[in-house]
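Okay, so here's just one chain, in structure tokens, the form predicted alone.
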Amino acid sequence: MVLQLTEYFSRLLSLFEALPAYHTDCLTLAGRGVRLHTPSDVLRGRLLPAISHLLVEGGGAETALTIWYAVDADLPGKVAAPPWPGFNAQGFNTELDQEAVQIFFQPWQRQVFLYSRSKRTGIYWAQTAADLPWWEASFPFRIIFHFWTRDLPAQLVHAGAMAREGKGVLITGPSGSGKSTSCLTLLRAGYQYLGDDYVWVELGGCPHVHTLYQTAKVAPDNLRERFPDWLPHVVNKELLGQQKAIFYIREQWRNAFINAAALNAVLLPKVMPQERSVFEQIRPAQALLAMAPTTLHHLPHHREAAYQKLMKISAALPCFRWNLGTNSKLFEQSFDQLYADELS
């Protein structure tokens, strides 16, 4: 008899629920309560810093999502790898019925993400702490948060977000477009930071963006060229040859860190061989084509529902291409000019 995905989830959940003791951390994300349970001091220490700004004392909001996470050594029994063939490079399996339970699994990695819609419960398992990919600590539980949004008026978006006086903009586009560099350059210039990789967008009424992760990542070459003065703030200095530099923004730039802002525009940066940085208004469809492919590539589950939400975001906001010039002072002036001319 072929093991069903719902039964696989139940078997894993039973291992967690049999634990005699575990840590519980309470978060509030966009007004919703999240409970994280783990018996692992190591995983907790590695995964919690990126979402520490969401921590609340005393329970916070009513629980809307529960996440259990651990490695094999923490559990009363070993976790079997998913037994089904057919998982692609993006962790998706087209042959499985994922209406009730969703699963993300890349066979070459020893980690699994699961989510039950009816229980509103996610599971993250890695075989050992050494099997935790370095990038997982920069956006922990990203896959489970995406699973959760299937039934919410919200969406994870592969984008940065910055604000001025509480007015936020999404900065999106493919890797290499200048998205992260633009966000961090604006952060250094004194603008408000909400994220440079993945952010949480609420769609009810006026769209709002929420900071999901307080981490920022910079490639080592980019760090040396553009942000050499930030080297003392890198939290993984000893691994820079193998990893991107990771920063905890709230801890180092507390005055620039905010948790949420109303969204006022979508910006598509593009590096150009010119001195000045200038904006030009574009159609919502062009913004959608910049925002959707990377988000849906990294988060392939319930793509149609996610695509519809991304379409609503692009249709609800003015959209601009931001042609990035080489003069950093003029770059900042162009951002100020956008707010003065278009978003006032």
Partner chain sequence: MFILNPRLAADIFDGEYIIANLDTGLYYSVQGLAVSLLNALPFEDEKTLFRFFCEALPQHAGAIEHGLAPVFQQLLDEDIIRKAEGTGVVAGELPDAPVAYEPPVFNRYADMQDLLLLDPIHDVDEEGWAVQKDA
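Residue numbers count along the first chain shown, from 1. All values derive from a computational prediction rather than experimental measurement.
What comes next is about the form predicted in complex with its partner chain, which does not appear here.
Interface membership of Arg303, defined by any non-hydrogen atom within 4.5 Å of its partner chain in the predicted bound form, is confirmed. By the criterion of a heavy atom within 4.5 Å, Phe105 is counted among the residues contacting its partner chain in the predicted bound form. Contact check for Gln252: every heavy atom lies farther than 4.5 Å from its partner chain in the predicted bound form. Interface residue remark: Gln90 is counted as part of the site for its partner chain in the predicted bound form, having a heavy atom within 4.5 Å. Judged against its partner chain in the predicted bound form with a 4.5 angstroms heavy atom cut-off, the residues Ile67, Leu75 and Asn259 are out of contact without exception. Residue-level contacts in the predicted bound form: of Val278, Met311, Cys26, Leu48, one residue has a heavy atom within 4.5 Å of its partner chain, and it is Met311. Only one of Arg110, Arg120, Arg164, His208 lies close to its partner chain in the predicted bound form, with a heavy atom inside 4.5 Å, and it is Arg110. Judged by heavy atoms within 4.5 Å of its partner chain in the predicted bound form, the contact stretch among the candidates 78 to 86, 164 to 172, 241 to 249, 140 to 148 is 78 to 86. Interface residues of 276 to 308, taken as those with a heavy atom within 4.5 Å of its partner chain in the predicted bound form (partner not displayed): Arg283, Pro284, Ala285, Leu288, Leu289, Ala292, Pro293, Thr294, Leu296, His297, Arg303, Glu304, Tyr307, Gln308, in sequence order.
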